[in-house]
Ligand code: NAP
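The chain that follows stands alone, in the form predicted alone, written as structure tokens.
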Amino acid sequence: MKFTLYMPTKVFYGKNCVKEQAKEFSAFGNKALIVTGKSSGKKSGALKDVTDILISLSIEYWVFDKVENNPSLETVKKGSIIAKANQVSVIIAIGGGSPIDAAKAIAALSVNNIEPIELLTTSIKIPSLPIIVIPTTAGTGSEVTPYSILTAKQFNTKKNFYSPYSFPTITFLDYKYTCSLPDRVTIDTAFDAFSHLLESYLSNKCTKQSAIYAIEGLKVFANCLLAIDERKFTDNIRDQLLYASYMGGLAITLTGTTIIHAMGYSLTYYKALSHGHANTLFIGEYLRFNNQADKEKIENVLKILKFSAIIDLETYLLKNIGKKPTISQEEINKFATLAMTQGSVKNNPRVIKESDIIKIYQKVLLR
């Protein structure tokens, strides 16, 4: 599977696309900052492939490999200081959603004279540095979205930074960089992609165009259900999971997400659950809550995935996602209040109140 797309991100998809399109790295000056995590860039081989190309093109580079899971405002500031000090002309993100999100923030901070907190509260005035993205997971879709999710201690949650300047300039999608992922990460990120496809399709902002992406992604994801259940991640399955993630990114770029993301953020922030794990816990109750508003679409999702009822899909997901966190009613009340501050709540197909969110948390986490 290989193709090129500009929307406005230029996408190269296919095995060895990074090396085959090495000339693309020469279009952005001769100084680059590579933003990555502690290990995935190295284990996947993506970091070496990129640095070999930069050396061959006489592009000077610095590696900022301090990005943690769910990157903080403090971390992106550190990265931007390095970018500014060395006058880099391009940011290269290698890794999962966290390095990509961090890279988008660093690219903005490197040219705008603002503090990181202002990314979440003001509009970006000056276009960000160009961003090249090489994902090493198949889940976030961040490689084609303008969104960056950052951990904001000031708000006691994760917050979304959005700017039209934060679309990656170029993205390279090669499933081979996901082959070193452990099963747990593969599954969590796959379910993250599924939540994007599902929420986009059911969003009240869904359009005919976004539905095309969402349905296409759901059909491809359906092909992977048995492999996920059996932990048999062949090259073909990893390629399909990466493609489904990509479709999810295109879909949510047009629609945004809904209450699943709003509710999941607190479980990531306070309970240290992965983003995909947190989202997946809510899918069953999310579908039940929205069934009266979007019954036809929900039935279509079940049909595509070949499940006869919501409970069957929920059972499959919960069997494969892992344990629920321990939680108190006091925490539920707090998390519901925080969820209502997220803009994605407004995209839900059925109008939802804080009391409804409390009930969903209770049904999911206290039963």
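Residue positions are given as counts along the sequence shown, with the first one as 1. Quick caveat, the model's predicted, so the values are computed rather than measured.
Keep in mind that the form predicted together with the named molecule is not shown, yet the notes after this line are about it.
A residue is said to contact a partner when one of its heavy atoms sits within 4.5 Å of a partner heavy atom; S40 meets this definition for the named molecule in the predicted complex. In the predicted complex, at least one heavy atom of D101 sits within 4.5 Å of the named molecule.
Among heavy atoms of G217, none comes within 4.5 Å of the named molecule in the predicted complex.
Proximity of T171 to the named molecule in the predicted complex: non-hydrogen atoms within 4.5 Å are absent; the residue sits far from the partner.
Heavy atoms within 4.5 Å of the named molecule in the predicted complex are found in exactly one of 64-72, 26-34, 299-307, 318-326, that being 64-72. Checked against the named molecule in the predicted complex, the residues A211, A152, V185, V111 give one hit for a heavy atom within 4.5 Å, which is V185. Contact with the named molecule in the predicted complex, defined as a heavy atom within 4.5 Å, holds for exactly one of T255, S80, T145, T280, namely T145.
Taken together, T140, T178 and D192 are fully in contact with the named molecule in the predicted complex: each brings a heavy atom within 4.5 Å. Applying a 4.5 Å heavy atom cutoff to the named molecule in the predicted complex picks out H196 as the lone residue from 196-219.
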